[in-house]
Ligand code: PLP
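Encoded as structure tokens, the following chain is the form predicted on its own, with no partner shown.
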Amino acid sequence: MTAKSMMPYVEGNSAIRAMFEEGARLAAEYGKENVYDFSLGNPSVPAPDAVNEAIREILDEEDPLLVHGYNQSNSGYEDVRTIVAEHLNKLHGTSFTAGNIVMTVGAASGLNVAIKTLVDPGEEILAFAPYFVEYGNYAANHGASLRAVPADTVTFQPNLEAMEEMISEKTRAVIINSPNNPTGVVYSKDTIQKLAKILEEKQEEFGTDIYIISDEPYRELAYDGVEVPYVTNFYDNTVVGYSWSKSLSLPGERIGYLVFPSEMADFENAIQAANIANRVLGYVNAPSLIQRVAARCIDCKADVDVYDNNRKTLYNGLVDAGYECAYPEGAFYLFVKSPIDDDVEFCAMAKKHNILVVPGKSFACPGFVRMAYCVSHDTIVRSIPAFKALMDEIKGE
């Protein structure tokens, strides 16, 4: 019999994945070119050629026992971690070493390792709505509870006033995600500074450590010269989680890392605990071959201009059709206000026009829908008449 503890996960199975699977069904029925699937954030830009070249070179040049073997440290290869640390130092003016880096099986495992390391069962994690649907599951995996900070649906910057009221002696971490999934908003330097100040005051008030867990798989996907602040420069008790899934279009390779700054509370124990968490959660170490690929491709990135073009085309098309949405500064998502009160019902109506979008309810922010524009530009252009027809239906025209 299936474990009872898993049944809530089964019942709450991701609406994103369900919609993605529905897209495959509709494509088989109506033809892929006639289905406008904006459900899943799966990169549509291929990985840079340098990635394939690096794989071939590594297989030809490096010791196969090294390339395919267990890592000596659960943190990952020391030379790879050194390259990552030096890369971050060059970009952000930090002073990391290999000892601050833990290589992970993508961002999802990284967040689980961070929570396992920092948060005890019964403690609380705050997340700013709207947020990635799986955060609640990650907290529950480790006996913690996730509390949603209500959204500021005007700016979609973190609602700091609401957060400040929600912090208690049970609060152990705050998850932030910028550029944000699902809104595409980038949290400003002013926002990060204000967040840090509140947390510093609350740490002093309660005599506890409160960590920021900064989830950053979309860091390189920022447009129009927008700056994405590096959070460790503003708050010592920060752990950064990163993934190359989006920047190098490698979601299936599951490769990323965590940064634990030396200035954070109880650093020595935390970094050792993270190594152990990496092992006991079953990851053992990040994929060996792809660690070495990431190191060789540390300065590479996918062609984000494609996403920028998609962003402008979809945003302008939707606004012209009468939709309201936050203008995205990063990532590859639009968060669109549902023209009717019930966002789930709106998604059902959209599906009749072969449009697949995800209800905001899945991101703790009902009344909106998420659209992932990491699709072909042709799909976006062809979808605009369908969006217009949907709006006409809603208006009764």
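Predicted model only: the values in this text are computed from it and were never measured. The first residue of the shown sequence is 1; numbering continues from there.
Note that the form predicted together with this ligand isn't included here; everything after this is about it.
Residue contact check for Ala107: one or more of its heavy atoms lie within 4.5 Å of this ligand in the predicted complex. Shown alone here, Pro130 lies farther than 4.5 Å from this ligand in the predicted complex, counting heavy atoms only. In the predicted complex, at least one heavy atom of Ser245 sits within 4.5 Å of this ligand. Looking at Tyr218, you'd find a heavy atom of it within 4.5 angstroms of this ligand in the predicted complex. When contacts are defined as a non-hydrogen atom within 4.5 Å, none of Asn112, Thr117 and Lys170 contacts this ligand in the predicted complex.
Listed residues Arg254, Lys202, Lys194, Arg147 were compared with this ligand in the predicted complex; Arg254 is the one with a heavy atom within 4.5 Å.
The contact residue chosen from Tyr315, Phe96, Tyr235, Tyr135 relative to this ligand in the predicted complex is Tyr135, the criterion being a non-hydrogen atom within 4.5 angstroms. Note that among 174-182, 290-298, 148-156, 307-315, the stretch whose heavy atoms approach this ligand to within 4.5 Å in the predicted complex is 174-182.
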